[in-house]
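Heads up, the chain below is alone and in the form predicted on its own; it's given as structure tokens.
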């Protein structure tokens, strides 16, 4: 994408969450000009600039202070999302949730807060992973429609990119017999992705969302030490299942997700892929495999896909008036940015 594109023509994006994914999204948007970041928030506070934030200043502030309230010009707040949107909702076109998904009700409750306590009308995109959380969000569909909000959920790598690949590959068959997603993730320092690692630990035998949510960082460190930094995850509660069922591809019980996370090395322990097995109309059984390159990081695969769905959501809402809750399996991402139309153009 040419760097000459005007920031003011791009959709105005608020990033909620400034951990690993939130910070990496700032880096990505310096090179893939799909949005103009006007707001950044975490539990410490928020920073807003209607013309666009200086992302380098934001990144330097996050490195130095480890929180948004340490960024030059930020406002400290114990209720940052509500305050940000109360003051600036009408100057934001899209929201990316780079927030933790613990407990399952956390992101659905944030969404209820936005629906009921703000004037925001636009597109929300998340990289949510848990089936239960997606089901809770799906119950908000009518409220989102009433508020003219389009919410795209499960738009990361998996669910997201691999779910969409499964949906596309399924077209070769008249019946899907099983879909198997296997991922490998390498993280050099788990502290940069604390929420993600906690959520992964919750999938292990003997753990739950509630238990992990109450564990201290020292206890997380001890658990990782006991496992030599390796998390082997099988038969996870992953939203690919409900998303593919909602899209009419197959029943949720035919979808299996698992993988290996190395919290001490940036190198992927195994390759990430999705295998779609089905029966063709000639009564042949076959398997399609879609494999991600080992050189692409979790941040590249998640945030890049989020931007693709952000573009798709803006296009669908702006051009066709689509609102409510949709999943990544129902919508295909778009690589090119969607430029914001002026009020005059919208009236033509």
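What you are looking at is a predicted structure, and each value in this text was computed from that prediction instead of being measured. Positions refer to the first chain, counted from 1.
Not on display, but discussed next: the form predicted in complex with ligand NAD.
Legend entry - Stretch in contact, per heavy atom within 4.5 angstroms of ligand NAD in the predicted bound form, of 40-48, 311-319, 53-61, 289-297: Looking at the other structure, the answer is 40-48.
Inset, instruction - Heavy atom within 4.5 Å of ligand NAD in the predicted bound form: which of 99, 212, 169, 137 fits that? Just give me the one. - result: Here the answer is residue option 99.
Inset, instruction - State the residue from 243, 127, 150, 95 whose non-hydrogen atoms include one within 4.5 Å of ligand NAD in the predicted bound form. - result: The residue in contact is 127.
Legend entry - Any non-hydrogen atom of residue 21 within 4.5 angstroms of ligand NAD in the predicted bound form: Contact check for residue 21: yes, within 4.5 Å of ligand NAD in the predicted bound form.
Inset, instruction - Flag residue 196 as yes or no: does it have a non-hydrogen atom within 4.5 angstroms of any non-hydrogen atom of ligand NAD in the predicted bound form? - result: Within the cut-off, so yes.
Inset, instruction - Examine residue 17 and determine whether its closest non-hydrogen atom to ligand NAD in the predicted bound form is within 4.5 angstroms. - result: Yes, residue 17 lies within 4.5 Å of ligand NAD in the predicted bound form.
Inset, instruction - Mark residue 263 yes when one of its heavy atoms lies within 4.5 Å of a heavy atom of ligand NAD in the predicted bound form, and no otherwise. - result: Contact with ligand NAD, no.
Legend entry - Within 4.5 Å of ligand NAD in the predicted bound form, all of 106, 156 and 192 (non-hydrogen atom): Yes, because 106, 156 and 192 each have a heavy atom that approaches ligand NAD to within 4.5 Å in the predicted bound form.
Inset, instruction - May I ask you to list the residues of 50-85 that have any heavy atom within 4.5 angstroms of ligand NAD in the predicted bound form, in sequence order? - result: The stretch touches the partner through 80, 81.
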